[in-house]
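Here we start with a single chain on its own, the form predicted alone, put down as structure tokens.
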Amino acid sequence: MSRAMIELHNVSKRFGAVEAVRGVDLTIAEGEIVTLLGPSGSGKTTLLRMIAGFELPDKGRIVLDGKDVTHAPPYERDVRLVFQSYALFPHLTVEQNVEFGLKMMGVSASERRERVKDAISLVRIEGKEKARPHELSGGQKQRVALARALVCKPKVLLLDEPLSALDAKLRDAMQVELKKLQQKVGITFVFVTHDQQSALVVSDRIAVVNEGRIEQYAGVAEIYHRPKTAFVASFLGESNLLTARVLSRGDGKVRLSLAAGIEVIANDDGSRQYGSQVTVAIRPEKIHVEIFEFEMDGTFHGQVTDEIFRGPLAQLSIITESGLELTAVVATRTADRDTPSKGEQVTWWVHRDDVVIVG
């Protein structure tokens, strides 16, 4: 991994009776894009504002590129913040908005012209240089806000819910563009959002924030496939969260009872004892479903109680004879495969790697 660009050491922040951030440790490497993901009120924006210097921690340290900036004001930190509302100056043109920070920095007029031109080209809003914010679409305003931040060449770019004001289709496109932009400029990005899809598309790593703490911090694939807590499993994507009892352990695996007659195998983390109760997470797309019934070790029967069509995928609600309720996601009908319909009997199973103990 590259050297650390941002380090938070046991950082806490309280607002009156509310402890917004609780003893957070976090290291973000140079040149990576990390998302702080969590629901409203989880503390993610407070963390971002402390990195920016707009809030000071009650305790702990914040280090930026090896320098302790815990109590430094924003203007002494080589960071730029892109706001959710874009915060463009309505009376200035696109060109003037992008140039503003350079003027404040005392950059010469000739250098400003070149850097503004490059920034506008980088975010692909050529031809809009003389337009004012009210003449721009939401996506164009977002590009101007990015150009205004990037033109100053900061070490860190902080983005506070930058895509939330965009419609779904434009948001999807901007997610991909933001990732490509970050890879092109190589600046460390810290991205705050409550949107799971944006986090998955944009990030190198995700820190899932809940009630002022980081519940898990890992790469995108790991945090999706191997959630450590029930909150992470349910907030990032969808999961079947099921109560199970440990029946046996050995050979790196644990046998679990989900309900009468339904036993599954999971990988053993070594901390579960015989007879103990655990919570497991199973992603809906990891449940294999077939319309025809057959008997084989590890397969079970159930009935489809509901079917929701989602274009290429269908979401199925399944109930077993013992009353266990599951949600599965399967591919919709193809030339050689039918989608189970409401009322049909099905056979289902799940691989041990996809049964994750989360509590």
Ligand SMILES: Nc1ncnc2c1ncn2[C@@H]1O[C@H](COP(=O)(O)OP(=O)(O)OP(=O)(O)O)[C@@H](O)[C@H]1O
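As the structure is a computational prediction, the values presented were derived from the model and not from experiment. Note that residue numbering begins at 1 and tracks the sequence as displayed.
The discussion below concerns the form predicted together with the ligand, not included here.
Look at 36-44, 287-295, 61-69, 314-322: in the model of the complex, residues with non-hydrogen atoms within 4.5 angstroms of the ligand sit in 36-44.
Of the candidates 11, 20, 346, 350, 20 is the one whose heavy atoms come within 4.5 Å of the ligand in the model of the complex; the others do not.
Of the listed positions (253, 226, 194, 117), a single one reaches within 4.5 angstroms of the ligand by any non-hydrogen atom in the model of the complex, namely 194. Looking at residue 99, you'd find every heavy atom of it more than 4.5 angstroms from the ligand in the model of the complex. Within this chain, residue 95 is remote from the site of the ligand in the model of the complex, having no heavy atom within 4.5 Å. Among heavy atoms of residue 161, some come within 4.5 Å of the ligand in the model of the complex. Taking a 4.5 Å heavy atom cutoff to the ligand in the model of the complex, none of the residues in 60-84 make contact.
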